[in-house]
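Take a look at this single chain in structure tokens; it is the form predicted alone.
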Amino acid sequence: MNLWELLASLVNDHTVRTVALGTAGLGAVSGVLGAFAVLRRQSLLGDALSHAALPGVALAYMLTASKTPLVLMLGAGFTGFLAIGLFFIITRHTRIKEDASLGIVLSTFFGVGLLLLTYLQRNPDARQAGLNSFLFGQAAALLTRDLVTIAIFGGLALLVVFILWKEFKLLSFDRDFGSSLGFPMPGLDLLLTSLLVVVIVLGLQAVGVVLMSAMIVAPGAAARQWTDDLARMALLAAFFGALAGVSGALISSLGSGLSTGPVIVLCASAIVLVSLLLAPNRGLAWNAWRNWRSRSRLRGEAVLLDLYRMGAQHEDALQPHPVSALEAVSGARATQRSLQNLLARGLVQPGKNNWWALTEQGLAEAQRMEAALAADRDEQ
């Protein structure tokens, strides 16, 4: 299957189209809310809440004997909100820090969930088969009604973010200032965390409780590399989340052995990796290139000043000097590269026998640099 046929399956194949739309919507909502979690340094919060949803799924089945998605999602939401309450109680009424309390909540609820799942598996009743799919998701089983659910609840979550944008922005950057202005910061914190629970519950069927934390963190972390503006970061995170969902759905459709949830997370991880390498503001490749340019510029300035200071000892400041004298100061390889760069800028000119001299432009530039260095020394 070529790329065109793969993209055409988004239109022609009902299953692929349904999965792609569902995961794209989920990724977009997760990206927007995950952007706030990343900025607030609460990336582990999504992990804790997603794992806390597992015992709710098991309890909902045990109480109702039903595997209806709505029933299981309500159970997951209940334990998710219960985890939020436990988290806030621990952080506000004990000396345990946020990261430690998140670890406690995550391990406790996930352990209870695994215990309940193990109990159900040993039960002779075969109706509980399929509950394990909530661990890693089963995006291929998404139906049209699931798309409607994601659209409604995801849209409501985005609407709340839009209405309370300024308040959530204040919560993310300066909570104390917001409290001084009279905003109910604890309530806003609880509301934003509750929206995360809603998104996590929506994503249970698609990517599961284990992988949902990646959908919360990865798009926001990737978007953070590209911009310092919150609005742009939220839009980029939504785009990256949707891109990961659609890409994962398409790639998983290529083979029967590819599970959609893990592939979506791998696509999100690839987006983070590309962002870490190539983002203009913080990308490792761009930083390496800027550092190389800075070192090259500093070496060139040093060679230019050496030529100027050598010329200052003679009546003619533009008198050429042997390259060996420059290499004795800066090293052979660095000097040769610097001279070629300076030549390209028109600051130096070569002479006979590999002798080099300043040009009129190079002399003026060297005098400006020397004056700047003298002014810095005077200020110190």
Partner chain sequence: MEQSLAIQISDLTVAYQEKAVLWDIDLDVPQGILMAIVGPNGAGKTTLLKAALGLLPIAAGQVAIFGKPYKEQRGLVSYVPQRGSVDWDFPTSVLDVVMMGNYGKLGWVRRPGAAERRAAEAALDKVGMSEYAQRQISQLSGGQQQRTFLARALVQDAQIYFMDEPFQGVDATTERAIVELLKELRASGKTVLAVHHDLQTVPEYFDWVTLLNIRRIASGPVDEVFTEDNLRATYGGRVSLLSSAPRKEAA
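Residue numbers count along the first chain shown, from 1. These numbers were taken from a predicted model, which means no experiment stands behind them.
Here the subject shifts to the form predicted in complex with its partner chain, a form of this protein not shown in this document.
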query: Interface residue in the model of the complex among T144, S296, S179, S194, criterion: non-hydrogen atom within 4.5 angstroms of its partner chain; finding: S179
query: Per-stretch contact check against its partner chain in the model of the complex, the hit in 305 to 313, 144 to 152, 74 to 82, 170 to 178 (non-hydrogen atom, 4.5 angstroms); finding: 170 to 178
query: Output flag, Y61, K67 and L243 jointly within 4.5 Å of its partner chain in the model of the complex, heavy atom basis; finding: no
query: 4.5 angstroms heavy atom contact with its partner chain in the model of the complex for L188; finding: yes
query: A140, heavy atom within 4.5 angstroms of its partner chain in the model of the complex; finding: no
query: Its partner chain contact at A288 in the model of the complex, heavy atom, 4.5 Å; finding: no
query: Contact label in the model of the complex: L230 to its partner chain, heavy atom within 4.5 Å; finding: yes
query: Contacts with its partner chain in the model of the complex, stretch 145 to 166 (heavy atom within 4.5 Å); finding: F162, I163, L164, W165, K166
